[in-house]
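Shown next as structure tokens: one chain only, the form predicted alone.
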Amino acid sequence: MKHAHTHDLEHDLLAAAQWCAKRGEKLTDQRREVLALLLSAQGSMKAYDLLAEIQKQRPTAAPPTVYRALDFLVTAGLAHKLESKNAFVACCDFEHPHHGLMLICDRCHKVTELSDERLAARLAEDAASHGFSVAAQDIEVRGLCRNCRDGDTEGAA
């Protein structure tokens, strides 16, 4: 099933706050601010890009503030870390804990998250057959999104 960030930002932030409350945690103002930036981003964001955005409103904001917020958001399932880019993206389906399959465009850097329970189960089964216990299985697939690919096709015609 394909998911995309199509909801209203305030609706998503309210849902995230409710998710945290169900977990006995709090979406603090700093965490909310970082999550709002991730939700609003077209692609992924690096920690220092997030910090630069936050410093536009609060010039004294420091890196540990952003890193703590990102650690919380990833642990709570509200964001994914893209290891290959050392960047972060908001999770589009945090209310259903899952392992993400991230399609990352090499040109425009747009990230599309797919959620496929069958693929996750198959990967876990295959790993188990080798005696391997999977702790996390976020998968990053790089290539060109439709817009960038179609742009190449039109340019070649």
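The first residue of the shown sequence is 1; numbering continues from there. Note that the structure is a prediction, hence the values are computed from the model and not measured.
The following text describes the form predicted together with a further copy of the same chain, which does not appear among the structures shown.
By the criterion of a heavy atom within 4.5 Å, Y67 is excluded from the residues contacting a further copy of the same chain in the predicted bound form. By the criterion of a heavy atom within 4.5 Å, F132 is counted among the residues contacting a further copy of the same chain in the predicted bound form. For D29, no non-hydrogen atom is located within 4.5 Å of a further copy of the same chain in the predicted bound form, even though that partner is not displayed. Within this chain, R23 is remote from the site of a further copy of the same chain in the predicted bound form, having no heavy atom within 4.5 Å. With the partner omitted here, the stretch from 115-123, 87-95, 31-39, 47-55 that lies within 4.5 Å of a further copy of the same chain by heavy atoms in the predicted bound form is 115-123. For the candidate spot formed by L101, V141 and R146, every residue has a non-hydrogen atom within 4.5 angstroms of a further copy of the same chain in the predicted bound form.
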